[in-house]
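Shown next as structure tokens: one chain only, the form predicted alone.
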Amino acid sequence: MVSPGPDRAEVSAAGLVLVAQADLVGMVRGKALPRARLEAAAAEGVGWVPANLVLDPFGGIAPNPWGPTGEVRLRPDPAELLRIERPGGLAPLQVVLSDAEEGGEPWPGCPRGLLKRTLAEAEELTGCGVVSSFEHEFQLDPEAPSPHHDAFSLQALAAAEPFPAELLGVLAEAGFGPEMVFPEFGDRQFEVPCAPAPGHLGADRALLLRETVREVARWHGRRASFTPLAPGSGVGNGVHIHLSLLGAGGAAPLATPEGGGEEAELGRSFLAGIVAHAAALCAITAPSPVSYDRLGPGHWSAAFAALGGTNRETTLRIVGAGGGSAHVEYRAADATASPHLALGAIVAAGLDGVRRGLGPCPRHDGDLVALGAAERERLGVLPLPGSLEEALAAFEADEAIRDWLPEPLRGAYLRLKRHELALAAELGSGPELSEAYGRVY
């Protein structure tokens, strides 16, 4: 006689869990299984097709090394389950990000696994752990411009309620530590900074925060989009990646890079490495054709491979220097990027600077546009790439960042991005392309 399983009400109450892969285009994809099966999935893994890694933003599969062959297993950690209680009697929304394995070993194509290895390398080389927070900008109902432009205003906040207050509560309940939810400069644009998280959890939170914002927006019949440039908005949505190196006894090399001693020297070299590799990093952190409609002078995003403090058009800036919360902010990123690859590549660039003893990196707080091209060239301040094509060329020419991506991940990534460029060319340019990315992200 077959033993009865849990009854229908019990299964329904527990709901489904999406065992997910953090893919290359900033999407959460995976297989849903009953909550009661999660422990078994953690022990056995969930079968997954390697070619799923190269799904493009529009649902197609880019040319790749695997085709229909092969299998990896997604292995989730139940302790990292995100559970969002939904209104109206709906089952909870549950998702857990996973590492991919092949034959019981870490799969070289797993972005999350690569980030973990890079962070372990950082701790071994510098004696510090990495703490990060991804600050997101997004727009509500981007396809329907508001007749009013109430940047940072009480009116904009009140008009969006109850969405902002409910989002704050949901994020807090999920353990994301939301610090603020506020209207930004753009039409119906909002920003959400969250508390820093150690290790890979910062990137995990970034990916899951986007899904949480979209979910809460749906409850109110609205749509949230993280696209780098919403149609007709003129203002881009960025992802500012804040990070610190934290060592034993409270050492924070990135907080005092202008000081003396070994700790400050480590910080200077780490920052100089990020600036030195800024062009190549854009291929990872701003990896869509529409990303470059946002980057550039005059957008308050990032325009130059430089270090600043109060200048918000440098790729990297020191925030709160000398204070207890001092850290650095990387500004040339958006939500079309894999947060795991983005954080990993930034750290890898910093580690290359440490190995090579780079630095000090000059700090530029004045208006770099006003200096003129000749003076910027004299100072060694280079513009960021002006297109994804330029960024990919810089990536392939940059040995340290290029080789940080192991095969087969590197080849798959480059094929995927060139495939995406071809799709973008078919979709058109300007508003048509912005609308297509707005619908996806």
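Please read these numbers as outputs of a predicted model, since none were measured by experiment. Don't overthink the numbering: it's just position in the shown sequence, from 1.
Below: the form predicted together with glutamic acid (GLU), not depicted.
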Considering non-hydrogen atoms and a 4.5 Å limit, which listed residue (Glu191, Glu101, Asp141, Glu211) is close to glutamic acid (GLU) in the predicted complex? Glu191
Please pick, from Arg205, Arg112, His240, His277, the one residue with any non-hydrogen atom lying within 4.5 angstroms of glutamic acid (GLU) in the predicted complex. His240
Have a look at 243-251, 261-269, 298-306, 355-363 and name the one stretch with heavy atoms inside 4.5 Å of glutamic acid (GLU) in the predicted complex. 298-306
In the predicted complex, does Arg312 have a heavy atom within 4.5 Å of glutamic acid (GLU)? yes
Wondering, does Gly236 line up within 4.5 Å of glutamic acid (GLU) in the predicted complex on heavy atoms? yes
Give a yes/no on whether Glu184 approaches glutamic acid (GLU) to within 4.5 Å in the predicted complex, heavy atoms considered. yes
Spell out, yes or no, whether the shortest heavy atom distance between Arg331 and glutamic acid (GLU) in the predicted complex is within 4.5 Å. yes
